[in-house]
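Quick heads-up: it's one chain on its own, the form predicted alone, in structure tokens.
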Amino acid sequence: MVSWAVVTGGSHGIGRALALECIKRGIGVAIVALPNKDLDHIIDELSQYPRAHFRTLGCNLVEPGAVETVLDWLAQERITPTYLINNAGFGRGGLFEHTSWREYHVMMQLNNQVMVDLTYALLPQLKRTRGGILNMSSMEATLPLPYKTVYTGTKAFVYNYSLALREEFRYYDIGVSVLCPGPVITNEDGLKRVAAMGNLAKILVTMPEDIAPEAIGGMLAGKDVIRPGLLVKVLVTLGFLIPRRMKLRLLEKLFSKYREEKPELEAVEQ
């Protein structure tokens, strides 16, 4: 009998890599992503795996009724998920006022509200299958970054929410893991952020395929916090040791190149 994982934002970037890693481990994937060319590409890609079990749903998760649409689709496909991978989300860097309120609103909705809504909606099924949840956070969840104020705030929410939920859900035998990677190249905006950060990002940056094995392996093992890569683990540890005021001043200096960038007000993605 096939175990299924619901993967949000599973058509590109880290979500795509996580979905492929599930397939390689014999886990079926139910991918929920925007109905665009990326979804077409992942369908073609997964079709190349002769024994892959997968279903896809083109859906904008921030639209009204999206969670109900996902539940209806899973019922129609007769899929009872064992795993929920809350990957959908996006981030932006720059001066606080250089990003539109509309984009901040969508960011908070997608990075946080959608994750909570889906977890709440799928909890009855996860109680039956006693599987696990993997939530996408960031190494920046514990490093409040100037010039990425709202994004790091959303990821701090994911981090704390996941660890608190883990303690509650252990009574249901449901594991909750939080994934905290360093900088990962997933799109053109990611390339811009790496360029703005300079040499530090070039040392830290990874590709989605690099983190997927450790991420899925950690979820299956029931690990609490998954930080792929030794350097990320070291930097996070140092972040806890450095006094807060000194740490924030240092981070502001590292990211101050964002002050020179021109605003991009309407680029919203998932």
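Predicted, not measured: the structure shown is a model, and the values here were computed from it. Each residue number is its position in the shown sequence, starting from 1.
A second form of this protein, the form predicted together with a small molecule, is not displayed here; the remarks below concern that form.
Answer option from E209, D224, E214, D38, heavy atom within 4.5 Å of the small molecule in the predicted complex | Exactly one residue meets the criterion: D38.
Select from the listed residues L118, L74, M136, L143 the one whose heavy atoms reach within 4.5 Å of the small molecule in the predicted complex.
-> Comparing distances to the small molecule in the predicted complex, the residue within 4.5 Å is M136.
Options 214-222, 58-66, 44-52, 240-248; stretch whose heavy atom lies within 4.5 Å of the small molecule in the predicted complex | Residues of 58-66 come within 4.5 Å of the partner.
Would I14 sit within 4.5 Å of the small molecule in the predicted complex, counting heavy atoms only?
-> Answer yes; at least one heavy atom of I14 falls within 4.5 Å of the small molecule in the predicted complex.
Does A88 make contact with the small molecule in the predicted complex, using a 4.5 Å heavy atom cut-off?
-> Yes - in the predicted complex, heavy atoms of A88 and the small molecule come within 4.5 Å of each other.
With heavy atoms only and a cut-off of 4.5 Å, decide whether G182 touches the small molecule in the predicted complex.
-> Yes, G182 is a contact residue.
Proximity of I174 to the small molecule in the predicted complex, heavy atoms at 4.5 Å = I174: no contact with the small molecule in the predicted complex.
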